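One chain comes next, on its own, written out as structure tokens in the form predicted on its own.
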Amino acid sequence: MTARLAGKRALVTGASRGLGRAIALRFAEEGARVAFTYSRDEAGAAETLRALQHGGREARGTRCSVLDARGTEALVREIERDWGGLDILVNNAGVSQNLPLALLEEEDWDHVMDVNVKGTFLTSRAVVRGMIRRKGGVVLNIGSLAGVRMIEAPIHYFTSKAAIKGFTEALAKEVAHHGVRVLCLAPGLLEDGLGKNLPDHRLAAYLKHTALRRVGTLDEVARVAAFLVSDANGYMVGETVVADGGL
């Protein structure tokens, strides 16, 4: 096992399960101290924390919605006080609904856009301030293949992930001269999440056009995330990296 993230301090949002958990665990295995947030899943968060602390590793989990600006800022201040700062932020927390436009209520649109886009903004604002002061850090936003390719996906989810790509590029341009890199990772269908909940005919159609003829694993994407935030990737800024199995 490499230790590409040895000495790094990371915050991963939405890591009680799924891709967020996989990224948090991969970071810990590669040497980082990892803090994570979750919104509701107490049991899942406890399982993530146990795995992160395996072997005496230092980690912490906090229940905090990405839409709670005060709570997020307080959490970041606490981590910076205890750990001396944050080197890595992964904006992973997100939601979706499998609804067509005709059935979308205004509240559905607002909820997905708020969590996926506003939550990324609020968390980034809280963390990037300290990165700018310390003249270094990496923000990795978790986007989606929906948002960079024209595929069948819920319109509010698709729109929110397209916004994440734009947010990444704008923030990267703004803070790069402070030594802060901002990137976006856009996975295709994975073994959990949307890939697990798609109707069989839609999954079959996706796989038919994918070079590898399979969905991705959480750990495959987490490994890409670990490289993107590592010092080995120091010259990449503002890019959206697609990991989709060759669609």
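Numbers follow the displayed sequence, beginning with 1. Not measured: the values here are computed from a predicted model.
There is another form of this protein, the form predicted together with a small molecule, and it is not shown here; the text below is about that form.
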Task: Interface stretch in the predicted complex with the small molecule - options 173-181, 92-100, 132-140, 75-83, non-hydrogen atom within 4.5 Å - done: 92-100
Open item on the list: Is Gly238 part of the interface with the small molecule in the predicted complex - any heavy atom within 4.5 Å?
Closed with: no
- [ ] Considering only heavy atoms, tell me if Arg223 and the small molecule come within 4.5 Å of each other in the predicted complex.
- [x] no
Open item on the list: Using a 4.5 angstroms cut-off on non-hydrogen atoms, would Ala15 count as touching the small molecule in the predicted complex?
Closed with: yes
Task: Contact of Val115 with the small molecule in the predicted complex (heavy atom, 4.5 Å) - done: yes
- [ ] Consider the chain as shown here, without its partner, and state which of His201, Arg40, Arg214, His209 has a heavy atom within 4.5 Å of the small molecule in the predicted complex.
- [x] Arg40
Task: Contacting member of Glu58, Glu47, Asp219, Asp192, with respect to the small molecule in the predicted complex [4.5 Å, heavy atom] - done: Asp192
Task: Contact at Val66, Ser144 and Tyr157 by the small molecule in the predicted complex, all three, heavy atom at most 4.5 Å - done: yes
